[in-house]
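Before any questions on binding or motion, here is one chain by itself as structure tokens, the form predicted on its own.
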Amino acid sequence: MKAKASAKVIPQYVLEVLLRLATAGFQGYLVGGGPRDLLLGRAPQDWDVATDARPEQVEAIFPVTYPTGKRYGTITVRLGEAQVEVTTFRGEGPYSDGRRPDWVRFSATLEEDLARRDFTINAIAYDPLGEVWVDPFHGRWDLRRRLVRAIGEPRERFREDGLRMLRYFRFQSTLGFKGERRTMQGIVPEWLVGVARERIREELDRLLLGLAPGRALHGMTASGLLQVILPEVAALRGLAQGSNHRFDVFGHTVAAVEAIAPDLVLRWAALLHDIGKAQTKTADERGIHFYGHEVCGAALARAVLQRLACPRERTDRVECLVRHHMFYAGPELTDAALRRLAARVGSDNLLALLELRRADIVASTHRYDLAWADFYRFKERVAALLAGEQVFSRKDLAINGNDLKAVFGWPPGPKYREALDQLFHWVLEDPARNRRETLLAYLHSLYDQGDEQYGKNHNGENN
């Protein structure tokens, strides 16, 4: 690991902020994730600046500023289209609400400011103008050791902000690091209870998209943290599946999360796809069974994601994937049945279901040869389906309600939906039927008799 970061990596607008602070006689350092990622050779996502200038002094130096967190010493500086958060060196009081300090004291020293942070790897400061590193807690050494370690007493850090316990595991996932044992021993899961659910979900999102989500999930279970956040997933630990599986249900779930593509919908679906098994397990002389676990799991998945204030679209898609992940993919599946599956889940979810099935295979069975053979045959059929004529919803039909009104004279009403439903299911049997003339002829064969009386009744006549 290089102890010297190239200024070429740092955007010009960030260097301009530091230069203006220095010209005005103040110190300026990059802090937080920026120095950490520079040392790791990663492209930093955020550029935060710490300074000994007071908030009002920062406002005087830069012509365009916003007091986004002035009470806590943070001023957002705008240069052109770019923005940088500039925060005054500070010390902090206790965190009574488990999120923000009760009071802050502006400090003259960078070292005191770094001491209030969570982990040593996030308490490194860098001055690219003078090429000076400040690392009072040996964060660079921990980066070399690939270790996540709390600053000072872990319990004090976690008591200040319970979310830091989850961040401890999130950094293990996103960086592929191990966690220091002493830091893990400082975790008290109950301290997470009062943390806002949106903050918890945001950390879980980052954790699931990381390089090593399995390491984090196993660690969260061992610490008791998963039982507080996701008890439905924690309940899978130790739940046996039978001799044809390599893992218990929790181990299988973790393996599926790591095997699936790094997409939020897919990783949440992998994490939750088997949570119904804890409630549906039965056993008899033929073995262990989980009948209907996908239906139970879909309802549980929706409840979990709603509890975490997950966006509705993602919640809907994950529920759909969990509900249908046991789809039959054998050679006996007819083309019409495949089209019906595509219609139920939608084309995007059909591709996602394929990816979930692939990860499920990787994470479960010893008989890869048979499972892979069925999977790839089914995948080829799906590719052919998507490349051909697509009728996945009533909107894809060659006619609509306006045609029904124009041709049959029907007023808007339940007959519209009834007719379109019949057409949709008829076309699923053979997509070549999706031609306007063909559909209208089919409707004439179904509805020509009695339509005159239907129209009169629904226009209010003869009533």
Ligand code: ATP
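Quantities reported herein were computed from a predicted structural model and do not represent experimental measurements. For every residue, the number given is its place in the sequence shown, counted from 1.
The same protein also has a form predicted in complex with this ligand, omitted here; what follows describes it.
**Student:** Among R206, R339, R358, K178, which has at least one heavy atom within 4.5 Å of this ligand in the predicted bound form?
**Tutor:** By the 4.5 Å criterion, the partner-contacting residue is R206.
**Student:** Can you work out which of Q83, S347, N122, Q241 has a heavy atom no more than 4.5 Å from this ligand in the predicted bound form?
**Tutor:** If I apply the 4.5 Å criterion carefully, the residue I get is N122.
**Student:** Out of 34 to 42, 427 to 435, 57 to 65, 402 to 410, where are the residues with a heavy atom within 4.5 Å of this ligand in the predicted bound form?
**Tutor:** Of the options, only 34 to 42 has residues within 4.5 Å of the partner.
**Student:** Answer yes if any heavy atom of H293 is within 4.5 Å of a heavy atom of this ligand in the predicted bound form; otherwise answer no.
**Tutor:** No - in the predicted bound form, heavy atoms of H293 and this ligand never come within 4.5 Å of each other.
**Student:** So, R116 and this ligand: in the predicted bound form, are they within 4.5 Å at any heavy atom pair?
**Tutor:** Within the cut-off, so yes.
**Student:** So in the predicted bound form, does any heavy atom of R267 sit within 4.5 Å of this ligand?
**Tutor:** The answer is no: R267 has no heavy atom within 4.5 Å of this ligand.
**Student:** Is D46 close enough to touch this ligand in the predicted bound form, meaning at least one heavy atom pair within 4.5 Å?
**Tutor:** D46 belongs to the contact set for this ligand.
**Student:** Of 164 to 200, which residues get within 4.5 Å of this ligand in the predicted bound form if you count heavy atoms?
**Tutor:** Sequence-ordered list: R164, R167, R170, F171, R199.
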